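Have a look below at one chain only, the form predicted on its own, in structure tokens format.
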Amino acid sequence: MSLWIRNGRIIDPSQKRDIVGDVFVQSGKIEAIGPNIVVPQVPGLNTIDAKGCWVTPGWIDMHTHLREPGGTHKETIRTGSESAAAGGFTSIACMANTQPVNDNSYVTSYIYQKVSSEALINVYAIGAVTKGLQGEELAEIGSMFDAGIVGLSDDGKTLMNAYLLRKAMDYSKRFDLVIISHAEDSSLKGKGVMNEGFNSARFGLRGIPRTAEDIIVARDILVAEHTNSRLHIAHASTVGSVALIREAKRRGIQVTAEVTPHHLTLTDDAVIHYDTNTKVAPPLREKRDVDALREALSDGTIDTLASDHAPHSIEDKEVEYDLAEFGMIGMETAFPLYHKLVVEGLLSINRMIEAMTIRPATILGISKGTLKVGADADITIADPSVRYTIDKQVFRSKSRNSPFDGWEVQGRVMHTIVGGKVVYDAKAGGIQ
């Protein structure tokens, strides 16, 4: 199968390339790229006119929850991959907090079997650090690595035992696996449901202090330094976390970090209507935190953009704020929210694309995130000029827990291409 993408603005940070030109794909690989390439007239050549659009390496979301096995009423590998494709993502990594937990090779293998038969995109599994996410005993890391995991995380829970964290980091080095930290001190978080501050007092809700995050970020950085291992801070949300990560990088510690679209665009003011879709972990913070996160993303202190796509059923969310589950879906709304920062002049186009492509690929150790000749033809085409209203009723995800329904946004995914195959085409009705 051959594909000719014409006249697009090709943005590939992995090659420091930003040109107007064409991409030719053959047999699932990038065959040629540039402003004046010669394309052979092969039978069955599919052509896409990308004039006015960005043509980039396929986007990567390194932090998602697909709920399968165990939570298929919320999301499945099939529907999650469709949601990702509709959001422009060609590769995603799914966290281990399934039922049963992905803490052994049998669950890992099950996930990849489902991926091979049902997923439209590339799906990579993150294995648990501890058995059952209980923080008491290391999971079967070696056998999960053999089965294909690309990272380790107890995301959804924080590993509070520092000694066990040290052992996990020591062990992870044998396989060059990154430890992804959900940084919330559970004793300080307590029964909190939103950011601790003026608004939590005003709304009568229990607060979660910034310190709950900052303490764990500091601890994990120090343990990573002690063990000389790789650490990734998931969904950074505070001024303090940003300062700690920046200083750790200055000192040469192997730490990377991500930020979500909701922590970049919402503050805890959004909780005023008690919309449980604003209940996330870590919680929405204050404007000074948002400003710090935006600056850190722009200057590279924060490496990647990640949705933390967390589907929940209506029953999980249509309850009192205190009782609702933490989390919101995010893959289908991520790009226009990221692009909002570009439109506002707070983030460069190339830095945004870098944070969605080559940086997460490098952290996870996967051969993605580039348009180099010979690379897999995973490509995203987006029109930055299209304006539209987010409508959660048309999401491909099984869940609808998004606070962005009704938002007026700019920037739309037009095509998602995986291995040279168009899996999403906005003009042809969506999922292909």
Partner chain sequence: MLPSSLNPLGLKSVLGTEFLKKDQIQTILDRAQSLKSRMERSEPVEQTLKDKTVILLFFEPSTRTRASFELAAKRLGGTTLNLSKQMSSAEKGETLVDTARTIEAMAPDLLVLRHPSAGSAHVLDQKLKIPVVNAGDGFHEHPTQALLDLMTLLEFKKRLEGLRVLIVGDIAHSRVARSDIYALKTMGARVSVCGPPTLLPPFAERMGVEVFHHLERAVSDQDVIIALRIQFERLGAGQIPSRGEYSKYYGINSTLLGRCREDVLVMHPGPVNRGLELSPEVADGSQSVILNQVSNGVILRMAILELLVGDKIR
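This structure is a prediction, so every number in the text was calculated from the model and none was measured. Positions refer to the first chain, counted from 1.
One more form of this protein should be noted, the form predicted in complex with the partner chain, which is absent from this view; the next part is about it.
For the options 198, 106, 326, 175, the residue carrying a heavy atom within 4.5 angstroms of the partner chain in the predicted bound form is 198. Exactly one listed residue, out of 281, 205, 292, 169, brings a non-hydrogen atom to within 4.5 Å of the partner chain in the predicted bound form: 205.
Note that among 268-276, 70-78, 109-117, 124-132, the stretch whose heavy atoms approach the partner chain to within 4.5 Å in the predicted bound form is 268-276. Proximity of residue 343 to the partner chain in the predicted bound form falls outside the 4.5 Å heavy atom cutoff. Although the partner is absent here, residue 319 is a contact residue: one of its heavy atoms lies within 4.5 angstroms of the partner chain in the predicted bound form.
Scanning 168-192 for heavy atoms within 4.5 Å of the partner chain in the predicted bound form gives no residues at all.
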